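Here you get one chain, nothing else, as structure tokens; it is the form predicted on its own.
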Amino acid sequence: MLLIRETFDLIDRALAEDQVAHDVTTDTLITSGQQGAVVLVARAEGVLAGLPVAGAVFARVDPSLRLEALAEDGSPVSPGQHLARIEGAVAGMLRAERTALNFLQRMSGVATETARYVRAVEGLPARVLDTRKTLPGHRHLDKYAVRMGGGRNHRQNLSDGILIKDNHIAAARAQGLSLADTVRNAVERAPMALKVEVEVESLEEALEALDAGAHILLLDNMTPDDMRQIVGMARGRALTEASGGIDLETVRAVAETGVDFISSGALTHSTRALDISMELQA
């Protein structure tokens, strides 16, 4: 994982929030010279993501601390498995513990949830995508975790692609423009190499967008039967993406319609952290 400036800025803000320089418990009980080692331990089954970030947290608190990875990001983990070992000043490890685990647990939770969706559509061509429904400030970490879980990234930000959604369409209609007009304008004005994706809610809208030259159709909250019909209409003309209200119970039925992509905000906006702990070794 490439740690970018935004990652270190985020780590620094998290450490400042936790006031690690003023850890009164550690200052009261632990001498500065005490040395030791800790291990990070999985307490649940899942997929690992974020070890390099956790290592950066420890190094930010005490540059002499170094994390030795005992598992790789993207690998499955099981309860009791040792994920990493850190040696050095005990005080520094205790100060960094909560912040490091917060990053590691969230990212591993995202990777674990993504892997569940990917497994659910195994054997079908549909690819699982994330959305921009990420924790503010954590987008690059959330999207990295999705990749570790076997998913793919949709737009990183608003500059990455043209996605015409319901409110864009409503704003254009207020100016007297039809859906077809809006799509044609986007296709004609789009920067080179950017695809135009259009959210549609009916068969009629899908056909109108196709005829206007849309590159991708976003099928919003549609029934599998409608999706299947639109996939047939769009074949050879545009890609299709299903979204809206899709969960683990329904994702395979959606994939069986033949859509190219399935996007879910649930991968990042409401994921459950993976249980991981830090243990001081005797």
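Just so you know, these numbers come straight off a predicted model, no measurement behind them. Residue indices: 1-based, along the sequence shown.
Quick note: we don't show the form predicted in complex with a further copy of the same chain, though the next part is all about it.
Stretch-level contact check against a further copy of the same chain in the model of the complex with heavy atoms at 4.5 Å: of 93 to 101, 118 to 126, 73 to 81, 202 to 210, the positive one is 93 to 101. Put simply, of L65, A234, I30, V41 only one has a heavy atom within 4.5 Å of a further copy of the same chain in the model of the complex, and it is I30. In the model of the complex, at least one heavy atom of L163 sits within 4.5 Å of a further copy of the same chain. T223 falls outside the set of residues with a heavy atom inside 4.5 Å of a further copy of the same chain in the model of the complex.
Mapping the unseen interface onto this chain, Q34 counts among the residues with a heavy atom inside 4.5 Å of a further copy of the same chain in the model of the complex.
Although the partner is absent from this view, H168 contacts a further copy of the same chain in the model of the complex, with a non-hydrogen atom inside 4.5 angstroms. Residues of 199 to 221 that come within 4.5 Å of a further copy of the same chain in the model of the complex, judged by any heavy atom, are H215, I216 in sequence order.
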